[in-house]
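Let's start with one chain on its own, the form predicted alone, as structure tokens.
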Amino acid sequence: MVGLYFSGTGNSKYCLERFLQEFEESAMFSIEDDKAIEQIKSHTQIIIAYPVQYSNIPKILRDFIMEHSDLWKGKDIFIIATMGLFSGDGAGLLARLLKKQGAHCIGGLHVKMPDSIADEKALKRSSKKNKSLILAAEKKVVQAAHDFQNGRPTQDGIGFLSHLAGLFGQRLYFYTLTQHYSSKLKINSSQCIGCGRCVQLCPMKNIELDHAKAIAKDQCTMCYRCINQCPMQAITLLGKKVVTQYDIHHYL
């Protein structure tokens, strides 16, 4: 067994790590890691964790799956989908994509985690609420790991009704936001101090420094890493200003 993840602010990575700990397994790799491909090749059972975006798969993860379509045939996949509120079929969506590549989906788990969309007021919670949300998520992940060990993997988001809930709940209305990389990342040059942190964090290499100022290009995968980590709160995407920055490590 090996864990594979894409994580913007640490939610999905944390859930995968807790799941694997119940198996006394520590092998987990980001899809950004050069070692990920070899790990997929050498393991039959793979646990994949990722954050749902508008009941859809982040573009960077979808591209990773499709660019390495030959790797998934015959693999047994369990999917952990993290979300701020609702997904419907977050796990099922990835399961269907992987099935087309020859993989077999064992099951899925949906985990509610603190919202990381830093520049929108929606879903913002108090620090106390975020901590309790993470504790509840941990209990759910641990229980799911035990169910998996006992041959009863959870099936969150896998069925037909879940498919309809995801489709009509969000995906139809926000389809264009997740089918392409975004060019809407905005960096306020008057606030930017040119520290380069966003450049280092971006999984798409979508940000560069120009004359000691960060410049955004048109390949944003909406992971919100840079927005949550910018020391000057100079970066926005969906909203006009940063409301609350989030990092899971503040609550652990």
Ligand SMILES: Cc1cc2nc3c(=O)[nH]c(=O)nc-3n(C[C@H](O)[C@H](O)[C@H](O)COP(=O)(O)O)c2cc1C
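Predicted model only: the values in this text are computed from it and were never measured. Residue positions are given as counts along the sequence shown, with the first one as 1.
Beyond the structure shown, there is the form predicted together with this ligand, which is absent from this document and is the topic of what follows.
In summary, the region of this chain contacting this ligand in the predicted bound form, judged by heavy atoms within 4.5 Å and restricted to 94-102, 138-146, 78-86, 152-160, corresponds to 78-86. With respect to this ligand in the predicted bound form, the three residues Ser7, Gly10 and Val52 uniformly fall within 4.5 angstroms at the level of their nearest heavy atom. Put simply, Met222 is close to this ligand in the predicted bound form: some heavy atom of it is within 4.5 Å.
Contact annotation: Met113 falls within 4.5 Å of this ligand in the predicted bound form, judged by heavy atom distances.
Residue contact with this ligand in the predicted bound form: Ile117 places a heavy atom within 4.5 Å of it.
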